[in-house]
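In structure tokens, the next block holds one chain alone, the form predicted alone.
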Amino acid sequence: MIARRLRASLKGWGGVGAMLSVCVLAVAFALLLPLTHAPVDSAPGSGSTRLAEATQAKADTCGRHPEQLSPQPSGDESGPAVTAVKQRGYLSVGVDQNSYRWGYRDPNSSGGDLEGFDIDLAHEIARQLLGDPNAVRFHAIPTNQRIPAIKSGQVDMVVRTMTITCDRLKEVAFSDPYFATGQQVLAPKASGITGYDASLAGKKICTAEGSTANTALTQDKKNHKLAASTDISTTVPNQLDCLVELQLGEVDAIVTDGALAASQAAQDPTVELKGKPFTTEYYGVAMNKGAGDLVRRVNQVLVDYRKSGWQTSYDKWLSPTLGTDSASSRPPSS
């Protein structure tokens, strides 16, 4: 009714001009209307639906290369997380104490100090942040407690063969990758298991709780990529516990990172790696999501460590089990 009255009143050239004016005003109002709401959506603490959706979309679209999502390296040490570490005077690091050549106590060494590839990296981070490689306090963290230890503030970071994944990035932050590996099968040499294939049908497999191996097996069984008769119910808090289960005959095989499996094979000559790695994964240093300045500083440590130190540590600890010309024998690029 209003529209008909408006058209009736707008006759002749004057009416056309008036109509054009109305249209211009209508368009301008339509364009300005969203802008009047924009500050409400973007205001800090406003509970913005638009911002939440954007953040969720970013988390959900992590993609196939989560190892590429860490922030740029920086030598800046003025941020709150780095400042807190420097004021405290030592770095608190979650590590393993049972992974041969990665983080373990050698009973034959004097003092029984922790040593291994991950331990070397933790010392290097402490050296660059605090000027003293020994300004670090180690905390033995089980595999399934790595994320809780970071989120609770028990440790500043975890350097413990921890794979960078999209799911984990929702809970913790990661540095750039410092090691490349992949999931692989470990089984007795005399077994008929040939790898991550049909030979696992009817077999009992052990994985560590919260590990990427456990996630991969669970997903593959759900998607029927793993035989329905394969038993993946055996999980343990620490990866080394799987080797004990295998030695006791409680399970038929272990699925874990090939780098860890190679070290376990070095401990027990009756077992061996079976088949090739069936995933590609990268280890990163895990930190609190709110410690962005510390993440960037650790990334700068890794830039320097790749140039000098990484290869020396690899040759000392991992070359005997992984070789000098494998996919893992060179530091991954950031």
Partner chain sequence: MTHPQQSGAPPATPTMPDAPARATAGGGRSAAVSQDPPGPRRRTAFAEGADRLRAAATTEPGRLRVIGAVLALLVIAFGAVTAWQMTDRSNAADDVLHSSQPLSAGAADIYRSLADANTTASSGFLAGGQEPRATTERYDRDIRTAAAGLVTAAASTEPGSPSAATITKLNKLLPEYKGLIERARANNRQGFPVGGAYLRTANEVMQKQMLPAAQDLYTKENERLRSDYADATPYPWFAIALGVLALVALGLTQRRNYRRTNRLLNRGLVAATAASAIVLLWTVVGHSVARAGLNASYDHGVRSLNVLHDARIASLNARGNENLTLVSRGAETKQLPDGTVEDAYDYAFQQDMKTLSAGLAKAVTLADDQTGRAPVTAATGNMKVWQQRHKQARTADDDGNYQAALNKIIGSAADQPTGECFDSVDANLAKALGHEEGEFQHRAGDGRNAIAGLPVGAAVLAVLAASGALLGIGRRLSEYR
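Under this definition, the rigid core comprises the largest set of C-alpha atoms superposing within 1.5 Å between the forms. Residue numbers count along the first chain shown, from 1. Because the structure is a prediction, the values reported are computed rather than measured.
The discussion below concerns the form predicted together with its partner chain, not included here.
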Determine which one of 180-188, 232-240, 117-125, 69-77 lies within 4.5 Å of its partner chain in the model of the complex, judging by heavy atom distances; exactly one does.
-> 232-240
Among 221, 204, 105, 86, which has any heavy atom within 4.5 Å of its partner chain in the model of the complex?
-> 105
Quick one: from 145, 199, 215, 165, grab the residue that has a heavy atom within 4.5 Å of its partner chain in the model of the complex.
-> 145
Should the three residues 98, 138 and 248 be counted as contacting its partner chain in the model of the complex, with contact defined as a heavy atom within 4.5 Å for each?
-> yes
Is there any non-hydrogen atom of residue 303 lying within 4.5 Å of its partner chain in the model of the complex?
-> no
Applying a 4.5 Å heavy atom distance criterion, does residue 288 contact its partner chain in the model of the complex?
-> no
Its partner chain contact in the model of the complex: residue 279, any heavy atom under 4.5 Å = no
Quick one: name the residues from 260-279 with any non-hydrogen atom within 4.5 angstroms of its partner chain in the model of the complex.
-> 266, 267
Did residue 293 shift 2 Å or more between the shown form and the other one, C-alpha, core superposed | no
Align both forms on the core first, then report whether residue 148 has a C-alpha shift of 2 Å or more between the shown form and the other one.
-> no
2 Å or more on the CA of residue 270 between the shown form and the other one, with the rigid core superposed, yes or no?
-> yes
